[in-house]
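The chain below stands alone and is given as structure tokens, in the form predicted on its own.
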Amino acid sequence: MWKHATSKVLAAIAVGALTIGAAHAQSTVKIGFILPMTGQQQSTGKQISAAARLYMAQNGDTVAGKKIELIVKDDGAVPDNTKRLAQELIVNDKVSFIAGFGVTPAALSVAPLATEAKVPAIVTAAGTSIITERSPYFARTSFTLPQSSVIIADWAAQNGIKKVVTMVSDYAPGVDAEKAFVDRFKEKGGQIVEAIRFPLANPDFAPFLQRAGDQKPDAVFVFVPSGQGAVFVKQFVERGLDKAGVRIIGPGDVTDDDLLNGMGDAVIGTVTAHMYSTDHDSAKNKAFVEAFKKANNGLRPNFMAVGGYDGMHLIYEALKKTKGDTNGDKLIAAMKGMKWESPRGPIQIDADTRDIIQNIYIRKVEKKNGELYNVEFATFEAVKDPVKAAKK
């Protein structure tokens, strides 16, 4: 009996020692960013990681008495890599947050892991509506494609665009963007003369653009992931669609701020709807752009950068609210309903869906001081994800 009691005491001491060890380990809060630092979406990884580091440089590496450690892993936008890296970060590195996810399949691959481990997963890039429904531990600081696609459909219908060819990458965000645009554009009396989808990986847009041009549309609605817009515009011009009077419209990925200057003057006049432009006229954004450029050899921040910057803000503020407690349920609860002024304008985490509520801007590519910018000329305030709003 005495021996049995001693065993119990020893077990209790061992558990106590482990608990003390864990408490000591938790004096550092680790944030694991999984990003495409190589491959087709590498500009996304470069932008988000640079923004996360800038946020830390500006706001310090200690929050609520905890030291913050940033770990960046490259998944090349390959979901199998994302899942493996998330598992390693959760099990081996004991991260309190995972974040990033350059494409939707990458984000979806970590949903069961985040749920099982109760680790908040902050979506700073991927834009398909369903993501936050796949785990109660997802929160999003990027955007959803329907937020912009519905609004550009409204704009097109009001501005003499009657016949449109849709051209989207054939994966979840492209399908999301296409459906949101088509449903609203048809509702407003517009005509879709052809719906074209092309492969996500290494697409050659030329034959698809030829098909689009043959339909003689007023505009092509295009969605390609961040980083592919420059190639699309180049081939659009080579096929002579600009000279034929066909306009490019769509969500803002196609006129990505950090690649825009390389697209040439043919892209001037392109109208897109998006939640951020480098040219956004606010004191907070001007300071953000200046600091980002200074820290990154003159690189312009794009919409991915602002998603990463706000992702770090969400993490920091959640930790402040929990007083450094890294319990996943407490952190997610702290994030719900949180609102702040971002470089993009006022934003909020929807308390019901954990998705982002934000302004969507209509922008036109213009030349200013010898450089190309997405110049905002209309604002739709506090836009929720239309897909989730329709379900209510």
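Because the structure is predicted, anything quoted here is derived from the model rather than measured. A residue's number is simply how far along the shown sequence it sits, counting from 1.
The same protein has a further form, the form predicted in complex with P-hydroxybenzoic acid (PHB), not shown here; the description that follows concerns it.
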Q: Mind telling me which stretch in 148 to 156, 235 to 243, 99 to 107, 258 to 266 gets its heavy atoms within 4.5 Å of P-hydroxybenzoic acid (PHB) in the predicted complex?
A: 99 to 107
Q: Please run the contact check for M312 against P-hydroxybenzoic acid (PHB) in the predicted complex: heavy atoms, 4.5 angstroms, yes or no?
A: no
Q. Taking 4.5 angstroms as the cut-off for heavy atoms, does Y316 touch P-hydroxybenzoic acid (PHB) in the predicted complex?
A. no
Q: Look up in the predicted complex whether N285 has a non-hydrogen atom within 4.5 angstroms of P-hydroxybenzoic acid (PHB), and give yes or no.
A: no
(Q) How about F303 - does it come within 4.5 Å of P-hydroxybenzoic acid (PHB) in the predicted complex, if we only consider non-hydrogen atoms? (A) yes
Q. Which listed residue (T128, S135, T278, T272) meets the criterion of a heavy atom within 4.5 Å of P-hydroxybenzoic acid (PHB) in the predicted complex?
A. T128
(Q) For a quick check, can you give me the residues of 171 to 201 that have a heavy atom within 4.5 Å of P-hydroxybenzoic acid (PHB) in the predicted complex? (A) Y171, P173
